[in-house]
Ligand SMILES: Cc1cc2nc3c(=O)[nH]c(=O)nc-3n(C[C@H](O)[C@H](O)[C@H](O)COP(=O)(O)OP(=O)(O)OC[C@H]3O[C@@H](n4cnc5c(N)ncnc54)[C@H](O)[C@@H]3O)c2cc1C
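Below you will find one chain, with nothing else, as structure tokens; this is the form predicted on its own, and questions on how it binds or moves follow later.
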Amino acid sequence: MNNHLQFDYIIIGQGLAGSLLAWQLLQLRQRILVIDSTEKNTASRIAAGIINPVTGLKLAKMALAESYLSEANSLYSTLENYFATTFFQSRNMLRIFKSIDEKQLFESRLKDPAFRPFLKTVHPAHHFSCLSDDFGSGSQLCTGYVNSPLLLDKMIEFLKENNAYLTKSVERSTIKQNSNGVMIDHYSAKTVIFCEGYQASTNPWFKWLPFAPVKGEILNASIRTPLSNHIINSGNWLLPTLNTDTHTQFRFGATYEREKLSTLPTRQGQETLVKAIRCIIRDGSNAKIKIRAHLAGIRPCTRDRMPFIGLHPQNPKLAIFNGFGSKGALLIPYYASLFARHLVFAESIPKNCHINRYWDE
């Protein structure tokens, strides 16, 4: 008698990657089980979930920006309708210029037709009384943020209702393979998909992939100054969560630490972030900043800044869906749809995100 519970796919990890891939597979009527250890300090639960397709000092537009945005808007809207809850907030971003060169670059991008959907107004210096904008600022469009913790909590409820969720820490040594697929205890599936975040860098089947994990620290804080309701970008980002006439509550981040990787906040991290907050706010040296929470997580970044997606080249019963770094809220909806169709319909995966790009080296 076979007492094993049979699934098509077992997903290990219920961060944003595991959750959205699970949703897509369920829409394709696949039998899935998501296994998660409910670790609190995951990157998905700590990150601000900011969506921004034009980034960096060079104001570079992501190659598939339009496709990423279309898929993200569609999926988050679908999830909001299903759960009758708002997850995604569309909000313009205000980029604070730190030099004349930055302002001139923004102005030149405004003249480029490829950037017109994403950039808008150049504001003169001191346009915002609350901000330190001595060189002016520019408005970015098609930006916003996703409330990932709320979305993940709703997905847990949904998965439990569909008998597709298990709270458990999986020891990789207990994963057994046979001719029919993979077994974890008395759960079996034809494929196991690892969505483990930064912990995938120690996965024995996928540790050959060049992960480049980065620790990030974030503050939840408040200040007795009303700020612009934009997402503010000045090297760091500032995300207002509650604005009144007398004060602003906000999230602020983030640090980038590549050497000392842990999920513990540090005094140095807090001091660095507070100093950066004071630089963004006009007369910030005198501002009274109240720290409400100090959080830390590890981003699953990759060496080439592209995700790791695909079946193991020698062991196709094992798969990975990972490596979205700090842009997961924007990238994961697109790639979750792509990978689900690959798994179910054998549609192709682009070379630049397929894990075979490193197996062939």
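Sequential numbering from 1, following the sequence displayed. Given the structure is predicted, the values throughout are model-derived calculations rather than measurements.
Unshown form predicted in complex with the named molecule; subsequent notes refer to it.
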Candidate from N243, S234, Q199, S222 lying within 4.5 Å of the named molecule in the model of the complex - any heavy atom: Q199
By the heavy atom within 4.5 Å rule, which residue out of I309, L69, I298, L33 makes contact with the named molecule in the model of the complex? I298
Can you tell me whether P333 touches the named molecule? I mean in the model of the complex, with a 4.5 angstroms heavy atom cut-off. no
Against the named molecule in the model of the complex, would A22 count as a contact residue? Criterion: heavy atoms within 4.5 Å. no
Does any heavy atom of L16 come within 4.5 Å of a heavy atom of the named molecule in the model of the complex? yes
Whether S169 contacts the named molecule in the model of the complex should be assessed with a 4.5 Å heavy atom distance threshold; does it? yes
Pick the stretch from 283-291, 156-164, 211-219, 105-113 whose residues have a heavy atom within 4.5 Å of the named molecule in the model of the complex. 211-219
Which residues within 44-83 place at least one heavy atom within 4.5 Å of the named molecule in the model of the complex? S44, I46, A47, A48, G49, I50
